[in-house]
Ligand code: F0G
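What follows is a single chain, given as structure tokens, in the form predicted on its own.
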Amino acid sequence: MRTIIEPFKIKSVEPIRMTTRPERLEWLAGAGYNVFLLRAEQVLIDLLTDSGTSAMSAEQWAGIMRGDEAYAGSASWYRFETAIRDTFGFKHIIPTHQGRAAERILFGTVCKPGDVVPNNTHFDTTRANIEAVGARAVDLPSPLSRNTQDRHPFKGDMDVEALEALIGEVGAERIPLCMVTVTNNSGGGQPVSMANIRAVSALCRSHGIPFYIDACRFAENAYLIKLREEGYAHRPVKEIAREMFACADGCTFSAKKDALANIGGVLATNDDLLAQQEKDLLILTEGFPTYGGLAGRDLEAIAVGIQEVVHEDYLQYRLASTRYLGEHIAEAGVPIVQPPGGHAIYIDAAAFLPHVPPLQLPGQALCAELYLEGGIRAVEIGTVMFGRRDPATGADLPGAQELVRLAIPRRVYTQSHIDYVVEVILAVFARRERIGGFRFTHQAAVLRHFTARFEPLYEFGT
């Protein structure tokens, strides 16, 4: 059949409050025009993130009822450890309460001031945790990623030549690890090819640099390899994922993405000494190594979810739903990062609002207008999230791109919800020439996008 249906039945529902435009205008102003600061019940369709927002399956809820809450050595821990190791293959599996906790422990253990950590593109918390220990996060995206309209199948790749040049410039001894994020979230949700993972791994090993994978969306990346990379069409997704991880020395993982859970994370490594150091820090800040800040019921939900996420009927539906949104708005002229990836559609806000300069925050303006028009909450991935201030002059510096991400929660919304999202985006697109910019009225020194407040530089809402 041509129609790809949801490979599940809906067993429980949560009502959505149908808000009005005047209400949304008032709420948005009260939140300082930052959609992070809105209450969840004020949002109709929440595409802020796909992290921790999945609908869990009947088997996951059954696992929650089975949760063993013993402090040490619970049965739930052993089921969790077995499921993660079976999928990832690493020797040491360390649970954390979410992915950024795994990042904090990893970088706090291996990095020191003056170190350099390359990545295809660091996401916000990854970069912040690296910088918090005095190291420098360096993005080395594929040159293809600069053109949002290029349809190359693996625009999430790392620039291997740039990595080799960086090693030559700073020296391997200053690079405690190299990372590749799959899929490349900051780079438009684009996948990383197996060929690129192998090439980065080989280069790192030739210089004695540990290679890590940020595995948040490993299943989606593995399925895109199956669809797009020669030689993988007939390989099971789980097998492709194991091949990806076999190239690495360890990984960080947010179970809030491709484990279909609402909380949880993993830090994994094959290094015995490093694992012990990481567990010592885990005990200090997260909890005992057989729960790591998680309840037994959470360990159970992750153990089930990590098995369900590699089911290919689910992944086929997941990518089709995302592609449906991207194709329908792109056909009407809305500029998006092409080709559509797995977890989100990224609107090119700079092309959507070419008259709004980067330092007037076009992505933030678009997020505000999407919420006002139809109650949709998206997230800016541009100058608000990744812009900087020049340490020498204090001048504001724009981000590399101006994107707005529409992250689709897993197993939550139906096609009619996505059709509504399409209508709202097209309504905003039709009046895009009347949209202006924003400016900061408050910003934190680190991860400013979470708590910043803004004001419009035009007659917003008229």
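Note that this is a predicted model, so its numbers are computed, not measured. Note that residue numbering begins at 1 and tracks the sequence as displayed.
The form predicted in complex with the named molecule exists for this protein as well; it is not shown, and the discussion that follows is about that form.
Work out which of the listed stretches, 252-260, 348-356, 154-162, 228-236, brings a heavy atom within 4.5 angstroms of the named molecule in the predicted bound form.
That would be 252-260.
Classify residue 51 as contacting or not contacting the named molecule in the predicted bound form by the rule of any non-hydrogen atom within 4.5 angstroms, answering yes or no.
Residue-level check for residue 51: yes, a contact with the named molecule.
With the partner left out here, check for me: in the predicted bound form, does some heavy atom of residue 100 sit within 4.5 Å of the named molecule?
It does: once the named molecule is placed as it appears in the predicted bound form, residue 100 has a heavy atom within 4.5 Å of it.
Is there a heavy atom of residue 214 lying 4.5 Å or less from a heavy atom of the named molecule in the predicted bound form?
Judged by the heavy-atom cut-off of 4.5 Å, residue 214 is in contact with the named molecule in the predicted bound form.
Residue 383 near the named molecule in the predicted bound form, any heavy atom under 4.5 Å?
Flag for residue 383 set to no.
Of the options 76, 145, 364, 181, which one has a non-hydrogen atom that comes within 4.5 Å of the named molecule in the predicted bound form?
Selected residue: 181.
Scan 307, 285, 109, 125 and let me know which has any heavy atom within 4.5 Å of the named molecule in the predicted bound form.
In short, 125.
Across 383-421, which residues bring a heavy atom to within 4.5 Å of the named molecule in the predicted bound form?
Residue within 4.5 Å: 405, and no other.
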